[in-house]
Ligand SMILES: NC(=O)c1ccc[n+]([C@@H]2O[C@H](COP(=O)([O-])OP(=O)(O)OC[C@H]3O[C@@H](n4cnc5c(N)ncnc54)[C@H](OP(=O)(O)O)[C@@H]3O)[C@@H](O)[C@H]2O)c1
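Heads up, the chain below is alone and in the form predicted alone; it's given as structure tokens.
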């Protein structure tokens, strides 16, 4: 068995492989033989040493994986060897074998593939938490979705349509125009159009009900300006801190220095809200579990369907991450550990 390891902070050259020695799971734990692991933008930030919630180097990244239970520790009930599960690993998902708490192994319905399961956890869970749990998404709402062609962006668009949101506005590069439009969004070229003006125009000057922003920095203030009175801004990333596969402290510092400080009094007068979202630090795991239950039901009804951009052999993890660095993905990128 093997796993991927970030040996130190840096570029793609810091990614390595090391053997995994399987042991019997501890009490209340299960071991999962991984088939698919999801790649998230946070993984790229972790590798560059720009993600505060990451473990100390060296470590194995990976928030989510899908596979089969291969061993069960003492005291575990309701799970069995051979059962197909989504493993919410927190860290360590880039591995052929992972050991996790039994409560983090979520049984999969027979109709859900390993690809769909690995594409569902973080991206759809994050989008659902922002739009539905925090944002109280309603039919007729207008929503601004940045990085609209990425994993969370595509998930957000599907969830919005399932809830009857009407004006969806998605920003992306010009090469992704047709793809974004195919998801039911009004495409905005992030390099040549002012998304604030587009939002105002499409809503009769009011602004959108919700905006999800994984860019960070000064970009947040523009997203805030695109909101209507009573609107909600969700901050869940800082992609502007990364300018390429190599670590750039200049880009990171520029992002942090340009991040706006929101005035509570001005927010009160406009009835706007700003949420900071980090699913790895929710604290109450039952909240995320309820999200996954709701999303599984939506999947069964055909309301959502994870869009998988590509599946890469795990030994080509550097190429897969470069694909994301280059902003080429349309949907979720997965690693194949089977």
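Predicted, not measured: the structure shown is a model, and the values here were computed from it. Residue numbers count along the first chain shown, from 1.
Only in words, not in the display: the form predicted in complex with the ligand, which the text now covers.
Taking 4.5 Å between heavy atoms as the contact cutoff, choose which of 123, 95, 210, 89 touches the ligand in the predicted bound form.
It is 123 that has a heavy atom within 4.5 Å of the partner.
Identify, from the list 234, 222, 176, 104, the residue with a heavy atom within 4.5 Å of the ligand in the predicted bound form.
For this set of options, the contacting one is 176.
Based on heavy atom distances of 4.5 Å or less, which listed stretch (71-79, 194-202, 222-230, 168-176) is in contact with the ligand in the predicted bound form?
Contact criterion met by 168-176 only.
In the predicted bound form, does residue 308 come within 4.5 Å of the ligand, counting heavy atoms only?
Output for residue 308 is no: heavy atoms all beyond 4.5 Å of the ligand.
Considering non-hydrogen atoms and a 4.5 Å limit, does the ligand approach residue 315 in the predicted bound form?
Output for residue 315 is no: heavy atoms all beyond 4.5 Å of the ligand.
Find out whether any non-hydrogen atom of residue 299 is located within 4.5 angstroms of the ligand in the predicted bound form, and reply yes or no.
So residue 299 does not count as contacting the ligand.
Should residue 142 be classed as touching the ligand in the predicted bound form when contacts are defined as heavy atoms within 4.5 Å?
Flag for residue 142 set to no.
Would all three of 42, 190 and 279 be in contact with the ligand in the predicted bound form, where contact means some heavy atom lies within 4.5 Å?
The answer is yes: all three residues contact the partner (heavy atom, 4.5 Å cut-off).
Even though the chain is shown alone, can you say which residues of 132-157 have a heavy atom within 4.5 Å of the ligand in the predicted bound form?
Contacts from 132-157: 147, 150, 151, 152.
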